[in-house]
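First comes one chain, alone, set out as structure tokens in the form predicted on its own.
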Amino acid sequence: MDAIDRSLVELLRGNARLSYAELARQVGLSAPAVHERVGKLESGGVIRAYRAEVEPESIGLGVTALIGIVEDSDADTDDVLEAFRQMPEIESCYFMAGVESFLLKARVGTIAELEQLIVRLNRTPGVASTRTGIALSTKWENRPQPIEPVTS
């Protein structure tokens, strides 16, 4: 990625709805050149998706939980991960160093729904135990870090 690609990524991270014409204006290229560069960033896996960031409470997902998973020593990690993928409440899954193998971020509508999710997780083959923290509020999330300029 060169400096222009980095600028395009930075602009799209701030507002994924910018038109090619506006991106071109801001980076000093033509719209077709920007279209080609963005296409290469997409096909190369740098840009993975475009999403609407929605207020979770407005769509009935007012409870956010961080759930640590301790995996059984004889568990098949791929099977455990596939079981997690089948649970739509789980938004993120991180493989961890330390006692817990995974850290999950889950969103549900109620504490009762969280309880049901935790029961399902604990019944998942390969899961030895869980540890759950409930977020009281979200101060920020998904904050993009600035992209460092290319140094020669």
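Sequential numbering from 1, following the sequence displayed. Everything numeric here is computed off the predicted structure, so don't read it as measured data.
There is another form of the same protein, the form predicted together with another copy of the chain; it is not shown, and what comes next is about it.
In the model of the complex, no heavy atom of Ser129 sits within 4.5 Å of another copy of the chain. Contact annotation: Arg123 falls outside 4.5 Å of another copy of the chain in the model of the complex, judged by heavy atom distances.
Although the partner is absent here, Pro88 is a contact residue: one of its heavy atoms lies within 4.5 angstroms of another copy of the chain in the model of the complex. Within 4.5 Å of any heavy atom of another copy of the chain in the model of the complex lies no heavy atom of Gln116. The partner is absent here, but in the model of the complex a heavy atom of Val46, alone among Val46, Val27, Val70, Ala31, sits within 4.5 Å of another copy of the chain. Although another copy of the chain is not shown here, in the model of the complex the stretch 51-75 places heavy atoms of Arg51, Ala52, Glu53, Val54, Glu55, Pro56, Glu57, Ser58, Ile59, Gly60, Leu61, Thr64, Leu66 within 4.5 Å of it, in sequence order.
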